[in-house]
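Take a look at this one chain, the form predicted on its own, written out in structure tokens.
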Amino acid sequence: MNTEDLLNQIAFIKEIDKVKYIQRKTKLFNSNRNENDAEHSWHLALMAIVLAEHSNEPIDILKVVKMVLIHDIVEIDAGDVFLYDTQKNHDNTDEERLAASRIFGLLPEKQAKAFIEIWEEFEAGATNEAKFAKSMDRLEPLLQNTSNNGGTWKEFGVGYQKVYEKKSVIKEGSQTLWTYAEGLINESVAKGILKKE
């Protein structure tokens, strides 16, 4: 047994406990309580397993699960940026890259490299796995907001066009899930919980 590697892995495990304290803007289904990043990542992992058959292309589901479980760990340092934030770009990859280097760098070198590669693959969104993982990441808050009578859309005055634009990424990973999501968006407009500009 390599004691140094084990101690580094334990240090990483302790550090990522901080993900549980990162509050997201989105609230849990039918709730007033904000979701945290750990809950979000866990939910995406199960969603990916359950919905994998709807991927546009064949995928390595274990890789997708890895992606969604680690994609927000960088927010320990970089913070959570609201998808619809008007002041700060959601794709704050410079800050996130530094965070990835520090946090994943706690792991033994080979493991750190593998985690960073998976995180970067998710961020790039080019592979079948990354496209499907991003579909999960955009679908979950949509389901939450529709369950909460508009949720963060209403709270922060987010309109139809912005929601449609941000959520259309879903189709890159799953046309089936996008068709469903698009229906929910249109239904939200019809119900008056999402405003057309």
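Just count from 1 along the sequence shown to find any residue number. No experiment lies behind these values; they were computed from the predicted model shown.
Here the subject shifts to the form predicted in complex with another copy of the chain, a form of this protein not shown in this document.
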property	result
One stretch from 64-72, 149-157, 125-133, 164-172 that, in the model of the complex, holds residues within 4.5 Å of another copy of the chain by heavy atom	64-72
Contact flag, Ala190 vs another copy of the chain in the model of the complex, heavy atom cut 4.5 Å	no
Partner proximity in the model of the complex: Ile16 to another copy of the chain, non-hydrogen atom cutoff 4.5 Å	yes
Contact flag, Asn36 vs another copy of the chain in the model of the complex, heavy atom cut 4.5 Å	yes
Partner contact for Ala78 in the model of the complex: another copy of the chain, 4.5 angstroms, heavy atom	no
Residues in 25-43 with any heavy atom within 4.5 Å of another copy of the chain in the model of the complex	Leu28, Phe29, Ser31, Arg33, Glu35, Asn36, Ala38, Glu39, Ser41, Trp42, His43
